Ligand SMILES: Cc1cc2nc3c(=O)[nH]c(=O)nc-3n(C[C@H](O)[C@H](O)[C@H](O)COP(=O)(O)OP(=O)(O)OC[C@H]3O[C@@H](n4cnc5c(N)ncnc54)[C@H](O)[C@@H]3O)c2cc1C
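A lone chain, given as structure tokens: the form predicted on its own.
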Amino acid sequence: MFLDCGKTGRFRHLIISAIRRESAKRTCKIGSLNKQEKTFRYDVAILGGGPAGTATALSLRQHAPSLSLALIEQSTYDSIRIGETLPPIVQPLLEQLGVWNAFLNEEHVPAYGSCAAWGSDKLLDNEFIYHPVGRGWHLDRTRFDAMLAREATNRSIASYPGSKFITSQPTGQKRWRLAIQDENRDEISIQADFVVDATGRRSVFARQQGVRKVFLDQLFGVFVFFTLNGGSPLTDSYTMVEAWEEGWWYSALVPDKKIAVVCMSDIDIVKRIGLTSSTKWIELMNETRYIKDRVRDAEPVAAPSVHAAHSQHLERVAGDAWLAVGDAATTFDPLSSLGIFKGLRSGIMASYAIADYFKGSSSSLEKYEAILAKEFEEYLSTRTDYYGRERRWKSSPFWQRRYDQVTLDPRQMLRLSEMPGKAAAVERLSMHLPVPDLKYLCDICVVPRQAQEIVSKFKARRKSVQDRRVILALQYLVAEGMIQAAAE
């Protein structure tokens, strides 16, 4: 159930009151034409009020209570947000943030497990009953995110709802000056010693600093929401996954007694088979073995909508007086069901790094970056293993891409190609490794070498990168024509 108008109004009033609260670190300047230019100063400005951003704020309030904090969120928590099933393992994080009781009071729909037809036609259950909590939750993301923001406001964290981050620039007096457009479309200036990018997949702040994204796939989800006819209850609350030749299907309960059904596939496949067409989407959904039965007595609410779901990470997740958290730093395949868990956890870890940074630690941001890099490599290994269990469509492009197959002969001689415009072309590449690493692989190949020697030479500089990722990147460069086979 979404927030009703009365609750939403009270919540907005509470936040706006906090905005107007006097702060020792706020000042106002008189601009041209006698117009007042509002400037606010904080130790830490957090861009994004989702789970990762609010977790950073809440944890910082606990571990560095003397720091002044600002939480800047583009929405007002009153629009639909795509949710997910929250596993029981999230409880310790919510308890650590001091919001466990507030979460329980929201009374999200219980989820007692998941079931999947993966690797065979048989539908197998994975129940939460053996976990101490005994259940997970189908989140109403709007209410969940609003609850976290409300808890932040209750802890005297200055909140700016309905405020859009426009741009940033480093300054001499303060580390960063942020241009913000508030909910009245007035421009305000926020000065901060440290900035947290919690803007989700867009990584808006990091991208403005010239940091690029590294993609591991091109997964997208095509969503259709259903309403049960006549108010018929769904007989089970399990999240369901069903693999098929071109990807996999997913269904789960969502707020307001609706069911979300999602077809996950790569964007080129989505376009090729016309998945954004309502007719084609329904046709393919009716060919599923299990998913179709969940919506047999339901009607689609709207046409299919497409949302990015690819795995990615930033080239670097921290820089000069800034870091990225949650999906702004790394994104996981939704099959993991760890998106919100990861966001909360990274927010807590970020708070430790920021607190140490303000204590003068010169390595706190490097340690945070190393932790996230290790976490992402472990995720990739698990992802490859799980996708590898599905072997029914081994020749399908979707599944072949996820097997991460090594096809390159270690003894194959490779050299840099003579392709026109090569230097500009490599700048546009974005898969497997950051562009500087892809360039380095190309540089190594200026002199013809065996593939195994190229990998060894690369690893001598970048020891933390797994061999498989280097080989996949090398195969990618060969496929893109940057590198080619050389004569023995």
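Numbers for residues come from their place in the sequence shown, where the first is 1. Treat the numbers as computed from the prediction; the structure is a model and nothing was measured.
There is also a form predicted in complex with the named molecule; it is not shown, and the following applies to it.
Contact between Tyr379 and the named molecule in the model of the complex is not found at the 4.5 Å heavy atom cutoff.
With a 4.5 Å cutoff on heavy atoms, Thr276 does not count as touching the named molecule in the model of the complex; it lies far away. With a 4.5 Å cutoff on heavy atoms, Leu94 does not count as touching the named molecule in the model of the complex; it lies far away. Among heavy atoms of Gly50, some come within 4.5 Å of the named molecule in the model of the complex. Of the candidate stretches 162 to 170, 289 to 297, 397 to 405, 383 to 391, only 162 to 170 has residues with heavy atoms within 4.5 Å of the named molecule in the model of the complex.
For the options Val254, Leu414, Ala318, Ile340, the residue carrying a heavy atom within 4.5 angstroms of the named molecule in the model of the complex is Ile340. The partner is absent here; in the model of the complex, the one residue of Ala146, Ile72, Ala192, Ala350 having a heavy atom within 4.5 Å of the named molecule is Ile72.
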